[in-house]
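For reference, the chain that follows is the form predicted on its own, supplied as structure tokens.
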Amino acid sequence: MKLYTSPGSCSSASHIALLEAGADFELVKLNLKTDRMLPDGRHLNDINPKGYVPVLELDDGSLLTENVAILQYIADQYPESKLAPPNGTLERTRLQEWLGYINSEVHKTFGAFFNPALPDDMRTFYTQRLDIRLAYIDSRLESNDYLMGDQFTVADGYLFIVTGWSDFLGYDLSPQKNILAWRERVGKRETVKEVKATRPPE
């Protein structure tokens, strides 16, 4: 397998998942701030017409896109990793619930702050929106080590990467004490340390 990623972006969640699963894969790093060219001379759009990462290339050449889909695919290929509950169970649906919430309510709201032309009134709007979304997560982590209880899952990897953008974007996470404690816990995992140390190509 090959994972096309831009270190620090949401695609790093898929990188964490592959490492947690003990998968045999090649990491292909892109710098999305430059020309988005692949090391083999192709453009990112050649493998994903949507124009973004992650992209997971399977051994047969098939390509998967969208973080939520890739994360679940990785978990399903390596069930012994327990990165996701078994398909067909209520717990698996709970995981999908978390992934959907992180993707649509947290990731997308954080994404608004990447716009340098974001007006002040809209920044206030998105800050308040994010406050509400993260307060919900904070309350769920009050008595749990991870989002799904005592088991690290792909949802934790995804949320860790997204909430890690807070300092860079000027969002104050300090009111969310349980999220901060959870981030410290997740950040100690060797896989997470390895991904955090990955740098984009020059």
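A residue's number is simply how far along the shown sequence it sits, counting from 1. Predicted, not measured: the structure shown is a model, and the values here were computed from it.
Not pictured, yet referred to below: the form predicted in complex with a small molecule.
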*Using a 4.5 Å cut on heavy atoms, which of L38, L32, I47, A135 is close to the small molecule in the predicted bound form?*
L32
*in the predicted bound form, do F110, G164 and E184 all put a heavy atom within 4.5 Å of the small molecule?*
no
*Tell me, yes or no, whether V53 is in contact with the small molecule in the predicted bound form, where a contact means a heavy atom of each within 4.5 Å.*
yes
*Report whether the minimum heavy atom distance between T153 and the small molecule in the predicted bound form is within 4.5 Å.*
no
*Verify the contact flag for N103: yes if a non-hydrogen atom of it lies within 4.5 Å of a non-hydrogen atom of the small molecule in the predicted bound form, no if not.*
yes
_Residue contact check: D145 to the small molecule in the predicted bound form, 4.5 Å heavy atom_ = no
*174-182, 21-29, 5-13, 188-196: which one contacts the small molecule in the predicted bound form at 4.5 Å, heavy atom to heavy atom?*
5-13
